[in-house]
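Laid out below as structure tokens are two forms of one and the same protein chain, each shown alone and named structure 1 and structure 2.
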Structure 1
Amino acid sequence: MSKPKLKPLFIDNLKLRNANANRWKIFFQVSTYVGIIFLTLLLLNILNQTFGYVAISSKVDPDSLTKEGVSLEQLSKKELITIIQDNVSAGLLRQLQREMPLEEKSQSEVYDIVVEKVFESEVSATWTLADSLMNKVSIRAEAAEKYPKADLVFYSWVKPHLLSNPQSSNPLNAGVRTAIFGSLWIVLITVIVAFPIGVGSAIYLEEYASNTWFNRIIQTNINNLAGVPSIIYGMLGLAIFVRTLEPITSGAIFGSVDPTTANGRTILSAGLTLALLVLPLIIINAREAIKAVPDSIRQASYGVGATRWQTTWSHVIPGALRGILTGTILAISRAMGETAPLVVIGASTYIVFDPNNIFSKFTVLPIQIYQWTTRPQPEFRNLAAGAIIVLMLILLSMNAIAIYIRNKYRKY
């Protein structure tokens, strides 16, 4: 039996629809490629500032402290300690010994102290990675002419001491240790507060709340709060946590600080403020994940006599958990990169001591990066680029851990 011939009108319409589909396919491909290009340019710009030639000069000539023909790197730890004892003040030596006796430090740590405290090295000039790779000869000639006493080295601003050192006025010695601890403390408080409240609210709105005008108003306001600028949450945190609840957020009511000098601009206030910021996002994402669980699962559970709570706990939450954790990951990543609300509630821009409890003063990585980019010395912008890489690595690590936990639950 022969197949019926397609009508010409239908064929023409099919060609038109296929052409239209191809145009949309090309549009989606171009959009993806444009996004990849912009992300690549951003990463290249960061790397361009993170590596490159640096002219480093020292107030003390390293050759004057060593024997002829012997470099500083060839000296033993005992000889390096002798150089420190002979060339730093008694007060500075006592401070170094209080932190950790020099004899207990490693060779590299003692060497770093010699470079930092004895030589007092400083940056004379910096060049980007692109210039360092393409204009080596001209850079060396410029350094020899303008900075004859400086050492020209290919420098990476991402070094171990960037993680282990606190802030410093010398970019060669500055680090982000204090900012990392502050960020982790705040994220921990944010998760502890926002996650249970957000997931609990989503469960109530999806599984228990009836379709009344009051509940619809609540849902609408939650959706609107997700779009409120973050600085508004900073003003809310300033009014509630920093000022109204100052005896609690400063720790004065618990005897942690002197009430006369108590200040609510602490890690606790910052964590609670960011918890308010991400709470609508967690609720919305958790609701969508719960809504995606097929209703047939609920009906089957009810059919064998399970209560609403048993159904929710044993079937709905396990089915929605991957989506809930995904939304939480995105929300916490946003909190990790926030700056405006923390500036409003009084985050420090220069702090050299590590936070040791929730009532400590603090700074965070985004604020540290912003503070470095506003300084006039170009080497601090290179340092900021290195701190950006550290922030990205921390975010990727936290997301990887969260994704691992999410996929682990997928097995059950």
Structure 2
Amino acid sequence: MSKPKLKPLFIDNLKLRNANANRWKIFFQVSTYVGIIFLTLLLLNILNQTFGYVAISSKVDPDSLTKEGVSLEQLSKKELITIIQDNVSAGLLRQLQREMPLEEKSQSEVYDIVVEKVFESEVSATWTLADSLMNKVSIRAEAAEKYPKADLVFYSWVKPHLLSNPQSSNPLNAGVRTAIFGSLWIVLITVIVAFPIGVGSAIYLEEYASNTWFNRIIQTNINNLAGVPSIIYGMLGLAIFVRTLEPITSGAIFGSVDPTTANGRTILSAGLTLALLVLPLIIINAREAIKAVPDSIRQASYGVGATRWQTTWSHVIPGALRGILTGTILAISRAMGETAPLVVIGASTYIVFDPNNIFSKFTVLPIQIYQWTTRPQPEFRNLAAGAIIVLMLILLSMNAIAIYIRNKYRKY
């Protein structure tokens, strides 16, 4: 017999342990809500900056031009043009006519010119939404004292003008139209390039490649590329597309040079750069989707004498399409939100004309937001908040499409 068997001593510690467990459970739970709190704060902050009181001062009092109680907005184009002719200098009028004859513009465009050139409306001060709701009285008092000539209006920085107007140095007229067109052009090129190569690469890796060292290197390489910071892709784009391939990306060899640029900082360069950026994402998502197609389907297809490509084309791709499309849309929304690489390859800071081909200069929505945010005047920051709402709505609807596709096409 070995040692005598003794009964062990246990001290009851359950109360302490349970108290401890409860404390930590609360911490875990609260932390979980922190995620929700952050998201809420982020959204509230943007709303807070988008709406609120604005003091607008004008050189010419808009009321003095109102005729018989008809507000300016409702005047006809002709009447508005008369107002412009009566109130601006001859030089400015000539300049305006040179850009585009006033008669050819729409009523709302002419109205904008009235606001900009005749009233010369300017933002004197802005207040946040929270302020505007809670300290109405003191804001009125402050505005009346500091800006006696200004109109205090409750202003929304998201408005139809924001979508339809090009950039402008006056925040009241500035819009994101050129930026939205820029984003669309660039994303179009990105998809045209990245989608076939990405899906092709995924098919190669899943359906064709054997497990050799070379193919393993390809896979590791894709995973690593997915982790490369986006700004590095910008530098790659700058070195290759903007500089080395300048004759192509500027359109010079096609004889289609934009006289204002004549360099490689074009929509084409931007689209190709973002294509490289989203390629690993598309490949990884497409591979997951292809992997999910059950092997029995492939075997059935081979069993009736189909070749490898016939099997892939008629069975694997249709089965994986849902996942491939969802993954691609997510990759596109990533591309739409990218800023840094496009700054690096040289987005334009100020363009008022819509891009009309792939060799045009470009700006995109996130870059517009970036530039407005860095402006020192607070009203540009409000404008940026408005543009953020536009951007988020675009991304949100793309995600909604992705979810719709995910639910519509049945999975295997």
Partner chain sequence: MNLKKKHRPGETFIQAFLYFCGIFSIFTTIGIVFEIGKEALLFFGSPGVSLWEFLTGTTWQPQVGEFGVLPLVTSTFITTFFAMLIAIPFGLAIAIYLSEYATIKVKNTIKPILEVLAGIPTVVYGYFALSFMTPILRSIFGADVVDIYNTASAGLVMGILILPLITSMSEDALSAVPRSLREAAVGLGATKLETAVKVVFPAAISGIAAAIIVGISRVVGETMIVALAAGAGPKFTFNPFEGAETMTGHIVRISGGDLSYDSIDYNSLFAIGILLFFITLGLNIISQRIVSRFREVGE
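Here the rigid core means the biggest group of C-alpha atoms that line up within 1.5 Å when the two forms are laid on top of each other. One-based numbering along structure 1's sequence throughout. Being a predicted model, the structure only gives us computed values, none of them experimental.
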TODO: Compare the two displayed forms of this chain and pick out the form predicted on its own.
DONE: 1
- [ ] Align both forms on the core first, then report whether residue 109 has a C-alpha shift of 2 Å or more between the two structures.
- [x] yes
Task: Core-superposed comparison between the two structures, residue 91 Cα displacement 2 Å or beyond - done: yes
- [ ] Align both forms on the core first, then report whether residue 402 has a C-alpha shift of 2 Å or more between the two structures.
- [x] yes
TODO: Let me know the CA shift of residue 36 between the two structures in Å, rounded to one decimal, core fitted.
DONE: 2.6
